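Before any questions on how it binds or moves, here is one chain, the form predicted on its own, in structure tokens.
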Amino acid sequence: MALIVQKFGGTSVADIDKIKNVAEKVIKVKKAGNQVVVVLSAMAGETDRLINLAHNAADSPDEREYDSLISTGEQVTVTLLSIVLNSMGYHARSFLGFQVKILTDMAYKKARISLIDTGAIRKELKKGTIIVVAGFQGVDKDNNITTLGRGGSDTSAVALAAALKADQCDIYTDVDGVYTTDPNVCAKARRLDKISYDEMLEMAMTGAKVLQPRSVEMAKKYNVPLYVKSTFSDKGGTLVTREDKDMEREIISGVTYDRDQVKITVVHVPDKPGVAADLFTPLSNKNIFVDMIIQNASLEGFTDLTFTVSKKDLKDAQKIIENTAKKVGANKVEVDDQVAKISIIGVGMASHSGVAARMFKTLAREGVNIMMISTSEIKISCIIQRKYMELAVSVLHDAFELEKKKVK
């Protein structure tokens, strides 16, 4: 008997018919003799609807009440699936984050899981119960409801799989796996049978929407095998696992893009110790993630400092940076929201020279200007004008021949 964690996203539970389809998939795994824990997102579009309600009620909603509100979407789906499963003759029980209990820190909107009490789940599993858990939510030490950030149900599922020492974690979505790039942007995109944790983490962090980055990070830490599958088809699938010798054949595994980027430049900053800390510490205190950072060469004791943040954080980030810029004596703050990040990812690039040169030459041939560059052993990212984003994805996919499946 294996213990399987299944996670279904919002499009998979968008209405009653789709929830019944999910029930059939859950029952199939249960009938095979496995213990099953199911993690669900809210219905497609529901969390956005709740967020809009909160912001219609107040420009800056109280964060505690905000999390309490937007966590309610998952309560609907887990109870509906449990009702459907019970009506089909399979005993199921729904659990909310505080009932499990999924303990988090107190960072509303972006809480991180610190501990999962698996006692209640294990007790029900011994009875043969199908467990249905609300994703995306937890509870802090003071019993306040918290949420894990957009896409947080992925993290809920992987965390439960790790805590329960599950045999595998299946992430069901509306695509049949992880592709070399977005098939909606590049028709030549190819589904990958297997990808390493590190590559998947970089892809998730640079724009791929298949998995939340924190879920991949956790899967790697606890060695949880992840399978990305389609809710609507039994074909395909991608295994996210440890790097092995088969993967070393791929120099580049994928091209990703992220249009949810904003470039902020602090102009004429005093070039002296402590200024960068003064600028970025308030952003960190507000849990605003800063991605790429560049600093121009100093000229007469002053420099320009440019960085990127997610568009959803722009309002808070701009306010913080403008206030801080005045304090440190900078001239002004410039914002460019017409940018995108393009990245190439692959474990093989660390041992192959010329990868960056090929990327830059390919973009140059198409007249695409590079504003910022960031590199790691398995990733090269560039900030470009957003209007060139789809072109850049397509030409880089061709340049690295990602449509061809490598043969061992």
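Note that the coordinates shown come from a computational prediction; the quantities given were computed from them, not determined experimentally. Just count from 1 along the sequence shown to find any residue number.
Although it is not shown, the form predicted in complex with ligand ADP is what the next lines describe.
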Are all three of Ile345, Glu390 and Leu396 close to ligand ADP in the predicted complex, meaning a heavy atom of each within 4.5 Å?
-> no
Margin query: Can you tell me whether Pro183 touches ligand ADP? I mean in the predicted complex, with a 4.5 angstroms heavy atom cut-off.
Written below: yes
**Item:** 4.5 Å heavy atom contact, Pro213 and ligand ADP in the predicted complex
**Value:** no
Exercise. With a 4.5 Å heavy atom cut-off, would you call Glu322 a contact of ligand ADP in the predicted complex?
Worked result: no
Exercise. Can Asp174 be called a contact residue for ligand ADP in the predicted complex at 4.5 Å between heavy atoms?
Worked result: yes
Assert contact_stretch over 304-312, 120-128, 174-182, 286-294 against ligand ADP in the predicted complex, heavy atom within 4.5 Å, equals 174-182
Checked Val78, Ala92, Met203, Val158 for heavy atoms within 4.5 Å of ligand ADP in the predicted complex; positive is Met203
Only hit among Ala208, Ile264, Val269, Met218 for heavy atom within 4.5 Å of ligand ADP in the predicted complex is Ala208
Those residues of 1-24 with a non-hydrogen atom no more than 4.5 Å from ligand ADP in the predicted complex are Lys7, Gly9, Gly10, Thr11
